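Only one chain is shown below, in structure tokens, and it's the form predicted on its own.
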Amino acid sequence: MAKRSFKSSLLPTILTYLGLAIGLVFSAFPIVWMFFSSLKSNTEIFALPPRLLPDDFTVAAYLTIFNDPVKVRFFINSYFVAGVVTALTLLVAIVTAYGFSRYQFRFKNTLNIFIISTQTVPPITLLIPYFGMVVAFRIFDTYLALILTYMVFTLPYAVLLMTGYLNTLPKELDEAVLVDGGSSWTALWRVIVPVSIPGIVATAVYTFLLAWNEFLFALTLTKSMDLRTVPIGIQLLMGQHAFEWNEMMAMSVLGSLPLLVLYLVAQRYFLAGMTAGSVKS
């Protein structure tokens, strides 16, 4: 009886780990293939049958990228745009979320519904209207066009995430500051924000990922090479008659590293913020 019970409890565990292993292979194999392909020559990538490990390891693709000022500029643009979008999104989202979390006002529920509904609109349907607005305001092919456009997509989720997290914090924190003669502004920046680091980090990571990886609007709203971002730079390596696959893989690896490092550094805060922000007290 005990042996049968042990087997019945062991089977779900084995199946669980088997499913996780299969998922890991499907998730990790493309990344591993991308990394080793970046260490091959462009000729070796087309070798038949395909091989995972290169015959001759080479970093020529990486050196080509680092020695090309145009490609380096792609990374600078991505860092700048994603960094500014993240900072501005956090600033607006924190203040907005504090208002939604701590105050009752007219049309509050309507605004909440509107913010949620914006997440259901496919971004591609807004491409032509945004292009027209950007041209009309004469900010086409500028950093400002990318920053404002990206914030339209990052702000709604950031506000929802921060509101959910602030709802988990007791209102007694604000009341203690008010009793001591402070203002709501003081309560927000000196009390609420310091204890909301997990939620802020989770929001920052999500915002940075979205801005860093965006392709469609970066392609449409810019035309000069000085303003292109990493996703556009990778696409530009696909020429009319030849594809620089090793450089594409190398640039993809370099483009993924900041996101990986950011997540690993902020993993503890990110998971805590996502978990706490999903529960309303």
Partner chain sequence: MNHSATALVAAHPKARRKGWLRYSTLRKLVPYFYVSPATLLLVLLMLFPMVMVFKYSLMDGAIMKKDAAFAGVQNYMTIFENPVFWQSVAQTLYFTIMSVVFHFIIGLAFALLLNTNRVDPLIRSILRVLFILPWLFTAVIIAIIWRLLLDPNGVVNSVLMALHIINFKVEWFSSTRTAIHALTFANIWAGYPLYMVSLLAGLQGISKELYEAAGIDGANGLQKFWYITIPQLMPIIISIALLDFIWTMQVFPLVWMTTGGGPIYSTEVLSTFTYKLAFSQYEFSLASASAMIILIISMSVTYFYIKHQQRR
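Numbering follows the first chain given and starts at 1. Between two forms, the rigid core is the largest collection of C-alphas that superpose within 1.5 Å. Note that the coordinates shown come from a computational prediction; the quantities given were computed from them, not determined experimentally.
Keep in mind the form predicted in complex with its partner chain is missing from the figure; the text below concerns it.
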Quick one: does I31 come within 4.5 Å of its partner chain in the predicted complex, counting heavy atoms only?
-> yes
Partner proximity in the predicted complex: F57 to its partner chain, non-hydrogen atom cutoff 4.5 Å | no
May I ask you to state whether L227 is within 4.5 Å of its partner chain in the predicted complex, using heavy atom distances?
-> no
Considering only heavy atoms, tell me if R190 and its partner chain come within 4.5 Å of each other in the predicted complex.
-> no
If you check M238, L63, V70, L53 against its partner chain in the predicted complex, which one has a heavy atom within 4.5 Å?
-> M238
Members of 80-115 lying within 4.5 angstroms of its partner chain, judged by heavy atom, in the predicted complex = V92, V95, T96, Y98, G99, F100, R102, Y103, Q104, F105, R106, F107, N109, L111, I113, F114, I115
Align both forms on the core first, then report whether P69 has a C-alpha shift of 2 Å or more between the shown form and the other one.
-> no
